[in-house]
Structures are given as C-alpha cells and as structure tokens.
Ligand SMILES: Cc1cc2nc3c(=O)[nH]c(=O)nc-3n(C[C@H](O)[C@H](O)[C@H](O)COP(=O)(O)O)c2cc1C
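Quick heads-up: it's one chain on its own, the form predicted alone, in structure tokens.
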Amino acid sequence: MKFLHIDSSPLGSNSVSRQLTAHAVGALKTAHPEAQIDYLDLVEHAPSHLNLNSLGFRLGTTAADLTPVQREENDISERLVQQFIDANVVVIGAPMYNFSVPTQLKAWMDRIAQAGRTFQYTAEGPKGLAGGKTVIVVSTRGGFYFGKPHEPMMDHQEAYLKGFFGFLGITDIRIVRAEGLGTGESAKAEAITNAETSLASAVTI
C-alpha cells in the first residue's frame, strides 16, 4: 500500500492543516506499518503554473520538438502524475485561501489532470481513470462556511476539490474540516480537537 501526503500551506509550524495532515498520516502509518509514504510539500517543491513550457503533456508534443526547459517541465509533470496514480491513499492539507485553494495546490492539480492518464474523453462524456483510491482532504478555514447560507457563493475550496477528484474517477473523497480558526483561540482549539476526532474514522482504510 502507498500513501501520498501533501501539504500546501505556507505557514510552516503555524499551519493547522499541516498539523492535522501529520496527525492523519501518523494514524495511517500506525494502522499500516508496512505502507510506503511519499511526502510532497508544495511550498518547498511547488511546480510552476502552466505556461508554454509546461503544457507539453496537454499538447501531445513529441520529445524531439521540445526545448530543454520544456523537457524538464514534462519530466516534472510525469513524476507528479505517476506519484498520484501509484498512491492508494492521498492525504491533502487544503487551507481555504480567498474562498479557494492555495495556488501551489492548484498548480499541482493542473499537472495531474492529464487526458489519457487520469481521465479521458469519450462519446458519452469525460471518464475518470484514477478511481479505486481514497482521498482525505483536511480542510481548514478561518471563518464558518459549512451549512451557512453564503456557502454556495463562497466555498470554492471543498466543492472544487470534490468536483476535481470526482472528475478523475475517485468516489471515496473524505473531508475533515476545521472551521472558525480565525475567530478566537478557544474556537480554534475546539475546531482542531473536533477535526482530530473526525480523523479517527476518516483514516480507517
């Protein structure tokens, strides 16, 4: 079994999402000591956003037609998509930034969304090719959104992640949420405790 642990918060030791993903992966490792764990820190090792040099995997350009920089970018995309495909369980720390996900996480998602690798277009519409794995999203937010009237208009974080991974064919998407982290220390402590409790069942594989 292979686990892929991804962090995307730039807050380092002050990050609640990093604290909670470490908690989740620790529990998974205890339950599956034989598992291989890959760690991807998207702040330390963020792929560049898509540009003309990194679009080779989408344009179907042959290696002979690529510049050295484009070949290097293609190698990065290949490494990231294969790492994702090989994982049985993916744990993602995804804080809400301006109602969506950090740009580092979005850059990674753009690299792994590859036609013919993680999805394909068919006559009946798109079909995901990355099914059979579990994605555990640790969602952290400074305010309160879940179940609130403004959620449909302002939550482009959890909804986006569920839609994205669903598009890739993944049906087992588990959200563990810590909300209200910016509303006071007591609310923050309560949110972390509740999230850790939720993780106990979310990491049962």
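Residue numbers run from 1 along the displayed sequence. Given the structure is predicted, the values throughout are model-derived calculations rather than measurements.
Same protein, other form: the form predicted in complex with this ligand, not shown, and the subject of what follows.
At the 4.5 Å threshold, heavy atoms of Met96 reach this ligand in the predicted complex. The closest heavy atom approach of Tyr145 to this ligand in the predicted complex falls within 4.5 Å. Contact check for Asn14: a non-hydrogen atom falls within 4.5 Å of this ligand in the predicted complex. Though the partner is left out of this view, Leu181 does reach within 4.5 Å of this ligand in the predicted complex, counting heavy atoms only. Heavy atoms within 4.5 Å of this ligand in the predicted complex are found in exactly one of 169-177, 136-144, 47-55, 33-41, that being 136-144.
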